[in-house]
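Next up is one chain by itself, shown in structure tokens, the form predicted on its own.
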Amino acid sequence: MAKLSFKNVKHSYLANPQNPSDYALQDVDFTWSDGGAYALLGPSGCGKTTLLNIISGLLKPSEGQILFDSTDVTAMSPDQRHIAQVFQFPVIYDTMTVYDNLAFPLKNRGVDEASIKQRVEKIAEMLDLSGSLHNRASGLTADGKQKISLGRGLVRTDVNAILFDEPLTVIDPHLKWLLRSKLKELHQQVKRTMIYVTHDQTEALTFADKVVVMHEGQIVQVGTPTELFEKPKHTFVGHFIGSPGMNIFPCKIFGNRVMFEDYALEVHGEISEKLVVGKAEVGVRPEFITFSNKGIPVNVVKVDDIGRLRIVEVRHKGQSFKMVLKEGEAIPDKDVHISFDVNHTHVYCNGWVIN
């Protein structure tokens, strides 16, 4: 295992990139701690798979260095880096048994049969595959085949990191939760560095200790699920994480006062007009908006009942806000006003949080 470090890494698929927009990956400077469980989260095209392929050695970055501990591996091939990768679609040998699939990486490295048997049986037990070891892999379900792909990474003791590129894409929805839980359990047992690429926030937040949120080739925030939810450093994080996402609306700063329309807002931290050069916005999650006797007057325009919660859309002039109400919370029928939790009301300038 190893600590993985990116030093000012950039990558462009163009021969002669000139502008930041020409880069699929922009100036990544980040360290993946040895034994950590990470998720790379972001929409399609944000640079997740590019970054993953640079870690594995399938892609050499246009600029920068990759270090495993103190060793520069930037020019090393994938087999020299000792990386295991699990792809969207299970990569297995259908004509082989489950046992032979799991044993294959060890046989290729000349490991003796007794050690192979011991290691394969241990990994099969972890993955709930013990009863299928002597069955042909072609007879397994999609999740069983994906377990084999995972097992081939776990069976080796020389792996520096295991990389997952949207591994649950082809898994039936009712099996996704089970396999995701198994991945979490396995990480706690083997303590290997695991990096999991996904565009699904539920997968990312339930698997990872740290979530790396990417947007337009950049890492915009790294944090625990709680940090990303309660303290988004960028409006994209607020919008992308949460269902519904953060309410983001324009404001103006006068001195140290934050104004929406004619209403002064109390916000988290100290704000100064001098800190704002560009577009100013306020962000507050639906969970931190409540009905009140005074505040911003609104009209209720929509209520969606989703069981234990209701999502309420209200509007002030042309600006809409979404709120999340718990079961039993009343919706006023007249003189409706809303107010915000000051500790979770953030001011952003050009997309980035102030303070």
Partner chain sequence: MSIKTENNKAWFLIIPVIILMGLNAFVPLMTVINYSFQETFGDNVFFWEGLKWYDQILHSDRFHSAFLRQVMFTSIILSIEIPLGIAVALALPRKGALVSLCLVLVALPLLIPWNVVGAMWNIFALPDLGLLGKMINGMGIDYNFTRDPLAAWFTTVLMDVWHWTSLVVLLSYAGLRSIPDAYYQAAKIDGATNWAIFRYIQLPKMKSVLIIAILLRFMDSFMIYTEPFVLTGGGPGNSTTFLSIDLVKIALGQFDLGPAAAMSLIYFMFILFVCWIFYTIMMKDEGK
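Residue numbers count along the first chain shown, from 1. Everything numeric here is computed off the predicted structure, so don't read it as measured data.
This protein has a second form, the form predicted in complex with its partner chain, left out of what is shown; the following refers to that one.
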property	result
Contact residue in the predicted complex, chosen from D112, E270, D79, D262 - any heavy atom within 4.5 Å of its partner chain	D79
Heavy atom within 4.5 Å of its partner chain in the predicted complex - the one residue of D94, D72, E121, D128 that qualifies	D94
Answer range among 270 to 278, 214 to 222, 100 to 108, 251 to 259 for contact with its partner chain, defined in the predicted complex as heavy atoms within 4.5 Å	100 to 108
Partner proximity in the predicted complex: S62 to its partner chain, non-hydrogen atom cutoff 4.5 Å	no
4.5 Å heavy atom contact, R136 to its partner chain in the predicted complex	yes
Contact of V197 with its partner chain in the predicted complex (heavy atom, 4.5 Å)	no
Exercise: R156 in contact with its partner chain in the predicted complex, heavy atom 4.5 Å	yes
Neighbours of its partner chain in the predicted complex among 63 to 91 [non-hydrogen atom within 4.5 angstroms]	P78, D79, I83, A84, Q85, F87, P90, V91
